[in-house]
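A single chain, nothing else alongside it, follows as structure tokens in the form predicted alone.
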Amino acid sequence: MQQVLQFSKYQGLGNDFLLLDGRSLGDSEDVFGLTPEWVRRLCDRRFGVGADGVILALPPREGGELRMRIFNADGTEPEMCGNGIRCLARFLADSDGDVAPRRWEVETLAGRIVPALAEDGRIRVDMGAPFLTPETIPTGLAVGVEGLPVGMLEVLGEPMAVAAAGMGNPHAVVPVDDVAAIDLESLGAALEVHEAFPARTNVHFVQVLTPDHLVMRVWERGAGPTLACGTGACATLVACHLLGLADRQARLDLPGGPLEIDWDEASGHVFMTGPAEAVFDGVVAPSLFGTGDERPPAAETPPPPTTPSALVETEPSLDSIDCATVCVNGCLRPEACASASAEARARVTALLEGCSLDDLVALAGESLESRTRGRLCRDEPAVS
């Protein structure tokens, strides 16, 4: 990847994503050239931008308004993400200047999902009907009298009562007496890869406070512990209702905040309502992606020379100079630098000479400022 990658970061209840807009770039799966390794680097919270996943907004293929692809922080591609599609809807509204009421027909691997911008600024999503048969989730658990797959599974040597439901992606729901006492790191990781879930699974431990108020903790497939999971909240409400523990409509408290989930009896669809907020816009330097498949360990990175003379004495070829490391404090041989780098420096020099500092700051903030203005104008009450 040679181009500078532009992105917007959004979060829904602390579940954060990098949004890439490819709606105008043609119908190509390789529109951004992303690979699993590059996704992992982008999502790395120390060496990259930091996120729970990457979301692409792409041209539609099946009659929708647009198509969504999402990648987990580990580079895998799930079928859907509830918090992710709320962030996508907010991103679309901010980018295009849309105001409520506004809805989008979004194609996903889980089918067509319809998020809508509500008057209060939250996003209400029609998540469709849940999947409750073993082959559609998928799971090896058998359907019980409750109407969904249930069973006792051995997890880390202990029996665990588990229910399964699908929202286009698989979910394991485990009711417990005290959700705070659960060893999420151990049990979530073990249950994610349990043989009862051939495509792996998201894992949710849930405590029922009242039939319309549940508390849950999340272990997401491919991401680990996260602050929220929209599809997981939907699956948890469905499972708890069928198990006789919850109403069809309830508030579900996740570590990042609450979601309102409504399993509509008439349509059979599950509706999720919650927030999504912009964090910042930015660009990623091509150097983040390097040239190899893996980032080398820090110990293998050659230190910069103490003086330029050390470099001159050994007279290395231009090809032997790794500018990303050796020239970290500035180009050591500008008179003999590769033409591509020289051209790039010339363009940067021309830009700097032709713009004041205020101009550069304004240029960098233009995209975020326009989105912020759009949100402010949208949220202001209409004046008659």
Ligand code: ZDR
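The first residue of the sequence shown is number 1, and the count goes up from there. Note that the structure is a prediction, hence the values are computed from the model and not measured.
Heads up, the form predicted together with the named molecule isn't pictured, but that's what we're talking about next.
- Proximity of 80, 83 and 221 to the named molecule in the predicted bound form is complete: all three residues have a non-hydrogen atom within 4.5 angstroms.
- Shown alone here, residue 229 lies within 4.5 Å of the named molecule in the predicted bound form, counting heavy atoms only.
- Interface residue remark: residue 139 is not counted as part of the site for the named molecule in the predicted bound form, having no heavy atom within 4.5 Å.
- For residue 10, no non-hydrogen atom is located within 4.5 Å of the named molecule in the predicted bound form, even though that partner is not displayed.
- In the predicted bound form, no heavy atom of residue 207 sits within 4.5 Å of the named molecule.
- Stretch 221-229 is the answer when you ask which of 128-136, 100-108, 221-229, 263-271 has residues with heavy atoms within 4.5 Å of the named molecule in the predicted bound form.
- In the predicted bound form, the named molecule lies within 4.5 angstroms of a heavy atom of only one residue of 158-186, namely 169.
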